[in-house]
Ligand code: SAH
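Have a look below at one chain only, the form predicted on its own, in structure tokens format.
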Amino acid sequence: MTPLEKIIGEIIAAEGPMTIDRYMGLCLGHPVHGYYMNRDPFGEKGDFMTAPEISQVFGELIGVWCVAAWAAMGKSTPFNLVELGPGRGTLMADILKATKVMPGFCDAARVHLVEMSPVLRELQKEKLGNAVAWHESMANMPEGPMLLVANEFFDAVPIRQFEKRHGKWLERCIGAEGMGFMPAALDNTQGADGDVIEFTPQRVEIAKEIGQRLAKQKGCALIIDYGHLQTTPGDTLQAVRAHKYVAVTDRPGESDITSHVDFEALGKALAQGGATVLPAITQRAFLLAMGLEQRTAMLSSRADAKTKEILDRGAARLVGEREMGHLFKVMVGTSPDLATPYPFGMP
């Protein structure tokens, strides 16, 4: 039994079963025993790999996109360069490296990282230095023109789940015996028995806040995550440890718990906040349009055989139709008066 499992058991004994979002929030963010609070989960020795750790080209292309978006913003000086859930700081480091070729960009950028993990903050500081501001949430981040990047952030925001059984919706919960159900005040007559729907109120609030900031000041938000383009029933809750799927209730605090992002719902929330939202596209379409093949070929042309193999394998994983290429989607939200940033809105 993990320390967090004992704590959760005591809460359930005192208060009864807890909803999935509360359980997920404790597993990931408990101040002492939460998964993200006391470990580096990334890389081969961790539990999973994110795109920035797979290939430097990913971050470089995001940097190129940021430069173009900044130009569309009229090269605002200064502006907030924001990343939500920056991991080890690898993506931001690659963005800053790539954007040095654009005169004025790095001088104008004020880097803000939204990160709750003390362990990851230290890794970010090692990679990026002290010229960075850290925040627990967006609430205390300064106002101003903004370029925001969120790569594999929203998938880790806690969700609620409801399942229809015998004609009634019940909320999934965690009880003393593991996964169970509790009565739900859900006014939804649609769906068949066995259907599962996921609600993400915390995601909605964060997306609305981003939209509100974009409505007030010039800016763009680039959101990259795995998920689906349209709202649809389905159970997408999952847990991963050591690169393998495990039960959500297995060793709380020691596994990463996530769910697929509903990009239709996320886009609606951004729009409710006041942003203009373009239809999401696949990561494959985005990266190929941004020049992934050309950049990989350029790096490979002056690399040794081993490095070339690593570059090719990384590119294939990022855009492969059976890899991350189709599973991951990319969405952009902008201030209402900005032109559609490339490659969104392309035929």
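Predicted model, so just to flag it, every value in this text is computed and none were measured. Just count from 1 along the sequence shown to find any residue number.
Just so you know, the form predicted in complex with S-adenosyl-L-homocysteine exists too; it's not on screen, but the next bit is about it.
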item: Options 165 to 173, 102 to 110, 234 to 242, 147 to 155; stretch whose heavy atom lies within 4.5 Å of S-adenosyl-L-homocysteine in the model of the complex; value: 147 to 155
item: Single option in E136, D250, E126, E205 placed near S-adenosyl-L-homocysteine in the model of the complex, where near means a heavy atom within 4.5 Å; value: E136
item: Contacting member of S300, Q56, T50, T282, with respect to S-adenosyl-L-homocysteine in the model of the complex [4.5 Å, heavy atom]; value: T50
item: I159, heavy atom within 4.5 angstroms of S-adenosyl-L-homocysteine in the model of the complex; value: no
item: 4.5 angstroms heavy atom contact with S-adenosyl-L-homocysteine in the model of the complex for M116; value: yes
item: Contact label in the model of the complex: D262 to S-adenosyl-L-homocysteine, heavy atom within 4.5 Å; value: no
item: 4.5 Å heavy atom contact, I223 and S-adenosyl-L-homocysteine in the model of the complex; value: no
item: Non-hydrogen atom within 4.5 angstroms of S-adenosyl-L-homocysteine in the model of the complex for each of W70, L81 and D94; value: no
item: Contacts with S-adenosyl-L-homocysteine in the model of the complex - residues in 74 to 88 whose heavy atoms fall within 4.5 Å; value: E83, G85, P86, G87
